[in-house]
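Below you'll find only one chain, the form predicted on its own, shown as structure tokens.
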Amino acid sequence: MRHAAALRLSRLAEPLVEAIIRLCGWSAIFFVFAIFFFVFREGAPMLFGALDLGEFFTSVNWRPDSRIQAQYGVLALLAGTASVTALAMLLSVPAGLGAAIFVSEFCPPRVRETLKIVIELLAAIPSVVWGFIGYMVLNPVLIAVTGAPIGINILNGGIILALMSVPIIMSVGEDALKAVPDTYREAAIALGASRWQVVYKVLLPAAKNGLLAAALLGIGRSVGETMAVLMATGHAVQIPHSLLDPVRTLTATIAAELGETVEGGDHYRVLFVIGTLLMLMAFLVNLTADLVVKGVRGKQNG
């Protein structure tokens, strides 16, 4: 009797659990579209009205508070975002993937657990604290080392963003390497491969999808970061010509100016247009990654 009752209960519970899981999956899609709709709705009056898109994308003049003629050019902001993100990725992707390979394949078990805890604790540090580190610690160091008049610049912001991205890249990359079956390693060793050859010839090709995902998560972390780059990059609207130039990013502009705008005004709505642009950039990065991963899988299956 008890067994029959438990069986009936499990049959009743299974559709309910399935419905909850399905609801969770669809709710994630709904929330993403709802956020995009909200941001797009606030910026639409300027996007389809008074905003000159040619000037918006090609002008370096960002003067939203000008009493003579307000100018909304984001070319310098795009250049600042791209330069800081590119430098952060150049530093964090090799460091993060290298740390993942070391922790996964070369590290003794006790040291591995300690390193994983220490590296992942970096992800728990608030971004404003990273901003303080960039402003109070890296700023004087870069002035002393490079001779630059000010140390809050692209190099400072890139280093800070790289340190913030390494824990994510390392954690996801290590999981991807651990997911490779041990039979791959054993077969390579049986053929006489060294440990480095196993990593380079076997593990990296087998885990390339997961490693690509790790790198893209790092890019997303860098592009979307606000407070740290606001404090560490100098917040200057200009096209950079060297790593020692201060810049301003799209996210830092929204964070610094949204609280000072009049709700419903042109400046307010242009900031939401920038938010829409950021969401489209994130969508394109993820779409490109998805196409690349599918291409890699297609070649492997073929």
Partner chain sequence: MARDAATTTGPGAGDAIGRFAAGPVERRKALVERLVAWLLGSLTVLLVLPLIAILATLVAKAWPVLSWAFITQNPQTYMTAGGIWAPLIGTFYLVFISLAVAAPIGVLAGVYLNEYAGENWTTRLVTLAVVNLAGVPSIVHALFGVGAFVLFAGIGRSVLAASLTLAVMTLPVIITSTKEALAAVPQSFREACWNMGASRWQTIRTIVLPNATSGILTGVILQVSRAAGETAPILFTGAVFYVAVPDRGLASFFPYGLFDRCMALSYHLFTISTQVTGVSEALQYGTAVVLIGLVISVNLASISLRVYLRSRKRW
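The structure displayed is predicted, hence computed values, not measured ones. Residue numbers count along the first chain shown, from 1.
Only in words, not in the display: the form predicted in complex with the partner chain, which the text now covers.
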{"property": "Stretch from 182-190, 207-215, 82-90, 69-77 whose residues place a heavy atom within 4.5 Å of the partner chain in the model of the complex", "result": "182-190"}
{"property": "Complete contact of 56, 176 and 266 with the partner chain in the model of the complex (any heavy atom, 4.5 Å)", "result": "no"}
{"property": "4.5 Å heavy atom contact, residue 245 to the partner chain in the model of the complex", "result": "no"}
{"property": "4.5 angstroms heavy atom contact with the partner chain in the model of the complex for residue 34", "result": "yes"}
{"property": "Interface membership of residue 44, the partner chain in the model of the complex, 4.5 Å heavy atom rule", "result": "no"}
{"property": "The partner chain contact at residue 39 in the model of the complex, heavy atom, 4.5 Å", "result": "yes"}
{"property": "Partner contacts for 16-36, taking the partner chain in the model of the complex and a 4.5 Å heavy atom cut-off", "result": "17, 18, 20, 21, 22, 24, 25, 26, 27, 28, 29, 31, 32, 34, 35"}
